[in-house]
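The chain below stands alone and is given as structure tokens, in the form predicted on its own.
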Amino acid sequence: MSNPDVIVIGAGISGLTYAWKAARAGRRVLILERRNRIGGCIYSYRFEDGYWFELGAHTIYNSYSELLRIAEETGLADRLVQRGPARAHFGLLKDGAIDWLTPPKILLRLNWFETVLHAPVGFFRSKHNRTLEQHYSGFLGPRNFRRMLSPFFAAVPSQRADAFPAEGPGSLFKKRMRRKEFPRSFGFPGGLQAVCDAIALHPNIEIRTGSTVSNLSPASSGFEVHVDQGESIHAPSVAVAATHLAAASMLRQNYPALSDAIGRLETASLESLGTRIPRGKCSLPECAFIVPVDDIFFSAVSRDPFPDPGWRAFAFHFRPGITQEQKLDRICSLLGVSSTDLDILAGQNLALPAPRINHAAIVADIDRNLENTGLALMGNYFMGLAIEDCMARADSEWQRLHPSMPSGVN
């Protein structure tokens, strides 16, 4: 695309959401993506026979209003698939044994004497300026937190989440209005990446994969985006939707204060490895996921909520520094299969933000330094790691820079 109106750096769900809004407003959008695929943390691994499983984000809910808005605009809302019964069945792995649970059974595993001791005080204590561990230990007791809640909280962002803020930017749980005309949790044929694919089909959007941006600089009537291959592309408007590490790097030369603010974020590494196996080879009961209390992985997420007659699939989210051989051995031992039963091994490595109690202050500092630059800035390091958090930030950035043009203009 020559002479784009908008350049978006990064083709994760944040950048794609911003590009969609710009394209529907009549802008010609060029997306530059360093990887050879789009989607970012959304990664639906697909087979030629049509089977798929999620290597990244795996669940969406009817409280995700921004995602549902785009699903309606792209026609995907008529194709959503409700998750099946396995969504409410999960395992807690401890000392080599799996305790199969449903949400009500979790309550039965709590030490209620400890809960009774702590709840009267913890119930009335504000979440403000408290970590997840501080809040829920104060509410249920520290032993209950360590034994039950901490492993499940770690499974959500695939990193230890005890030090996450209990509320506000960076927190795991936020109150959102539900659209009850949709199932509570659901997916799409072909996986969550169907949303990314639908956005990419807009005629005003062009995507170049394998394009790494090294630097961007202000220019007359806009910005110059410098690509590693030596190309320089001009556009009146630029939106940075790269990872927080990449964003800090490309902004360092011309926007040092903004780069420094982003650089204050802590980082957690994640190594994911997924596989599918013939249905008859795995004796584990159908489930949504397995969470270990103490192991080399944070969670093993199953494709079972979208059952298939011939295959089952699992995505393991490992702690960093585990060898491929160790990963393979752990996958086989947990699933009770041999390596020859695995149809494929597919993986990805990510560096994710690790929000801490000062996350709101860091976000405020980033936004202060963003003012008057003319740039849009978005990603999973603002409100949180959830898909809806990323899409909501992209929407708010579009509205901030285009206040006279409401979201969703055709």
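Small disclaimer: the values here were computed from a predicted structure and weren't measured. Start at 1 with the first residue shown and count on from there.
There is also a form predicted together with a small molecule; it is not shown, and the following applies to it.
The contact residue chosen from S211, N144, N254, S185 relative to the small molecule in the predicted bound form is S211, the criterion being a non-hydrogen atom within 4.5 angstroms. Out of the listed residues A376, I366, L385, I70, L385 is the one that sits within 4.5 Å of the small molecule in the predicted bound form by at least one heavy atom.
Contact check for M148: every heavy atom lies farther than 4.5 Å from the small molecule in the predicted bound form. Using a 4.5 angstroms threshold between heavy atoms, E66 stays clear of the small molecule in the predicted bound form. Put simply, C282 is far from the small molecule in the predicted bound form: not one heavy atom of it is within 4.5 Å.
Residue contact check for G40: one or more of its heavy atoms lie within 4.5 Å of the small molecule in the predicted bound form.
In summary, the region of this chain contacting the small molecule in the predicted bound form, judged by heavy atoms within 4.5 Å and restricted to 255-263, 319-327, 234-242, 333-341, corresponds to 234-242.
Not one of A23, A25 and Q229 is positioned with any heavy atom within 4.5 Å of the small molecule in the predicted bound form.
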